[in-house]
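Take a look at this one chain, the form predicted alone, written out in structure tokens.
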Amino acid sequence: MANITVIGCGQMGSAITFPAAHNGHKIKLVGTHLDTEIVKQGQETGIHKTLCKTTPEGKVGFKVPEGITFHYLEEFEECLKGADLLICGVSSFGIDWFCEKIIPLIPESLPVLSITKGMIHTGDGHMISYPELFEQTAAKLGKKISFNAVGGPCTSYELADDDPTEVSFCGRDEKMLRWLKSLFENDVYHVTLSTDVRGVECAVALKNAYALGISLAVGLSYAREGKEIMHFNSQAALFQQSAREMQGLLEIVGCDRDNLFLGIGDLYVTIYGGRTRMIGTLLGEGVSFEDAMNRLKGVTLESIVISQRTVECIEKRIELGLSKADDFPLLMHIGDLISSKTKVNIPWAKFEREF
């Protein structure tokens, strides 16, 4: 039996503990300063406030498996004592907080598994993954910590509901990855392993930006026909273009192109089951970015963060003569939408190729 501590008990930070709990491990879910209500309800009822499934009666929070307990942020250091693994469950919006407040508290002997998907633009036309950022942060503190991460097609509520999926654990040390796999893998949660950290993390981060792009077609269809009708030609065309641009971006950051398939799988599930679909659909319907964000206030939208950072990276590369805007027309259009420079006007002609 392993003792696992999680910092950040949002939806995925909590859902990933379900297979570990089913495998007999003990988990302490520690909320951030934003998770107070989740912890309160969890302690009182054992039901997760925001990790929900849809039933005929409406959305119902999952009751966490035996072996999972809820804790407030003030208990974090106590919860680290005796832990065999720390899971980073904060969102992209909390990455700076994690680096500043949490990494200094992590013992070198305690490995970390991050479920946060995203990339950081280094300012010179290149991007690095969150585990690489964590390593750099720890190194400045004189620490060498094993930072690992999860990528691949998996939505939190379906994982909690035992719907089968296959993800990838990535890290520097194969032995460590095999141990991590042994903690979580079961009949529904299947794990492949990779030492290409940047490749895995880049692929699954980019899906957030492009899921927003594909969801524009959903909104355009709703605006045209009403919400009872959805067109799939346009979604498929945007999916195809997304895959092409994701492949190009993987090449830019120097990753194995096989990671594209992880990103594509994650892209598929995010379009059909993720929060990113909401913002993309609203924009496609003609709602301004500002109004769409107001309507979705309180919803964590990783897609906005990764879209902005990736656009910044490409814009810098264009400035340096390393890339061309026409290589990433869908991404650049997403950037224009987020910066409120335009409303949806898919650049279809720029997607065309001659072989």
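Note that the structure is a prediction, hence the values are computed from the model and not measured. All residue numbers refer to positions in the sequence shown, first residue = 1.
Below, we refer to the form predicted in complex with another copy of the chain, which is not included among the displayed structures.
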{"item": "In the predicted bound form, segment of 24-32, 323-331, 282-290, 50-58 with a heavy atom within 4.5 Å of another copy of the chain", "value": "50-58"}
{"item": "Any non-hydrogen atom of Val90 within 4.5 angstroms of another copy of the chain in the predicted bound form", "value": "no"}
{"item": "In the predicted bound form, Pro164 touching another copy of the chain (heavy atom, 4.5 Å)", "value": "yes"}
{"item": "4.5 angstroms heavy atom contact with another copy of the chain in the predicted bound form for Glu77", "value": "no"}
{"item": "Another copy of the chain contact at Lys140 in the predicted bound form, heavy atom, 4.5 Å", "value": "no"}
{"item": "Option touching another copy of the chain, based on a heavy atom within 4.5 Å in the predicted bound form, out of Gln136, Ser109, Ser182, Gln240", "value": "Gln240"}
{"item": "Single option in Leu73, Ala223, Val269, Ile128 placed near another copy of the chain in the predicted bound form, where near means a heavy atom within 4.5 Å", "value": "Val269"}
{"item": "Sequence-ordered list of residues in 245-264 near another copy of the chain in the predicted bound form, where near means a heavy atom within 4.5 Å", "value": "Gln247, Arg257, Asp258, Leu260, Phe261, Leu262, Ile264"}
